[in-house]
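Listed next as C-alpha cells is one chain, alone, in the form predicted on its own.
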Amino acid sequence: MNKVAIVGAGVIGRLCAIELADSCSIDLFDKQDLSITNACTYTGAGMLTPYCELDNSEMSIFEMGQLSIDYWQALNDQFDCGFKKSPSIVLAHQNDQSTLSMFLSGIEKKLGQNVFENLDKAALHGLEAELTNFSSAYLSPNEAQVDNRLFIKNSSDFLANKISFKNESVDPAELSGYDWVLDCRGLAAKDALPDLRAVRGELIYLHAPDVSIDHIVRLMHPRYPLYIVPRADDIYIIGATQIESHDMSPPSVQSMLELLSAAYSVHSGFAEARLVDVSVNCRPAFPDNLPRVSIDNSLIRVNGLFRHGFLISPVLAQTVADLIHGRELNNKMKEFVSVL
C-alpha cells in the first residue's frame, strides 16, 4: 500500500484524499485546522456551471466541468455535500441586453450550437415567480451546485477514520518517508511555482427571508456582472468580483455597494436582507488560467484552479489517483500533466 502525504486541505487536497483513502495510507497536512476558514474552498460559491463559465474559459474547463457534475452527484450519495441540480437563469436589464447577447453568442461560437433556452415572460415567471423586474431570460442546461461549507464540514467527518490529519505547516519538497507527496497548497506554493498569481474574489452571504429564488441567477452587466446562489434557510450568496490582486483586506465600500445594488435590482426583497458574512480570498492562477499537474519524481503538484475549484477538482483528483496507481490517463487530461 502506497504511503501518501497530501499538503493542503482545500477542495483539491480533500478530493485527492477521498480518491486515495481506500487504497493508500494518507497523511493530510494543513497549517489551518480542518474548518479551513481562511481558504479559497471556504470562500467559494460551489457553482458547477460549465456552460456559463465557458464565456471566459477554455473548452477544456467546460469538458472537465461536465464530468465533475456526475462526480459530485455520486459523492453526495456518500455524504451530504449539498449537491443540487440548478440550471442557471441568465438575464439582463433592458439597457444591458447587448452584453447578454455577446455572452450568448460567445458561448454559441465555442460550442458550435445554441444551448440556452429562451424564456419568455410566462416561462421565466413559471420558473421564478419573483423575478418580476424581467420579462425574458435564458436558461442554461445541466448545471448544478454544491454547498462548499457543508462539503468542508462533512468531508472532514467522512475522512476522519480513513486518514491521519496533521495540523502543521510543512514544505512538500522536504517531506520524506512517503511513496508520493501531493502539493495542493494553492498560492502557498508560489515559492515552487513562480508564475502563479493571485486573483482576488469577494462574496457576500445574505439572509433574505423576503426573497424566494431557487435557481442560480446570473445578471449580465458590462461593469459588474453578478451571480446569486441560493442556499438553505433563506441564505443567498452574492458574488461577482474578480480582481488581479493579492490583497486580502476587506472589500471596499464601492465593491459592496455595487454588489448589493445589483442584487437589489434583481429582487427588491434584498433591501431587507441581513449581512451574514463577507468573505474575501485570493485564488491561484497561472497566466493561461488553466490548471497544471506536474510530476517531479515522487512529488506531484496540482495548482492553478483559478475560479474553477469545485468545477474541475474532481477530474484533477482522479488524474492524480491514476498517476499514483499507474493507470492510463484520460486523454483530455494528458495536456495538463507534465513530467519535470
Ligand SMILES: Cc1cc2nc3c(=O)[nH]c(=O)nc-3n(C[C@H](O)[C@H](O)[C@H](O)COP(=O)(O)OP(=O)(O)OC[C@H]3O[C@@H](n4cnc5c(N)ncnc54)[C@H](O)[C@@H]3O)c2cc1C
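All residue numbers refer to positions in the sequence shown, first residue = 1. The structure presented is a predicted model; accordingly, all values stated were derived computationally and were not measured.
Below, we refer to the form predicted together with the named molecule, which is not included among the displayed structures.
A.B. asks: Going by a heavy atom distance of 4.5 Å, is Gln32 a contact of the named molecule in the predicted bound form?
C.D. replies: It does: once the named molecule is placed as it appears in the predicted bound form, Gln32 has a heavy atom within 4.5 Å of it.
A.B. asks: Within a 4.5 Å heavy atom cut-off, is Ser57 in contact with the named molecule in the predicted bound form?
C.D. replies: Looking in the predicted bound form, residue contacts with the named molecule do not include Ser57, since no heavy atom lies within 4.5 Å.
A.B. asks: Tell me, yes or no, whether Ile36 is in contact with the named molecule in the predicted bound form, where a contact means a heavy atom of each within 4.5 Å.
C.D. replies: Contact with the named molecule, yes.
A.B. asks: With a 4.5 Å heavy atom cut-off, would you call Pro284 a contact of the named molecule in the predicted bound form?
C.D. replies: Judged by the heavy-atom cut-off of 4.5 Å, Pro284 is in contact with the named molecule in the predicted bound form.
A.B. asks: Heavy atoms within 4.5 Å of the named molecule in the predicted bound form: which of the stretches 80-88, 199-207, 123-131, 107-115 has them?
C.D. replies: Heavy-atom contact with the partner occurs in 199-207.
A.B. asks: Name the residue from Ala92, Ala240, Val181, Val266 that puts a heavy atom within 4.5 Å of the named molecule in the predicted bound form.
C.D. replies: For this set of options, the contacting one is Ala240.
A.B. asks: If you check Asp214, Asp195, Glu244, Glu168 against the named molecule in the predicted bound form, which one has a heavy atom within 4.5 Å?
C.D. replies: Of the listed residues, the single hit is Glu168.
A.B. asks: Could you list the residues in 37-58 that come within 4.5 Å of the named molecule in the predicted bound form, counting only heavy atoms and keeping sequence order?
C.D. replies: Ala39, Cys40, Thr41, Thr43, Gly44, Ala45, Gly46, Met47 sit within 4.5 Å of the partner.
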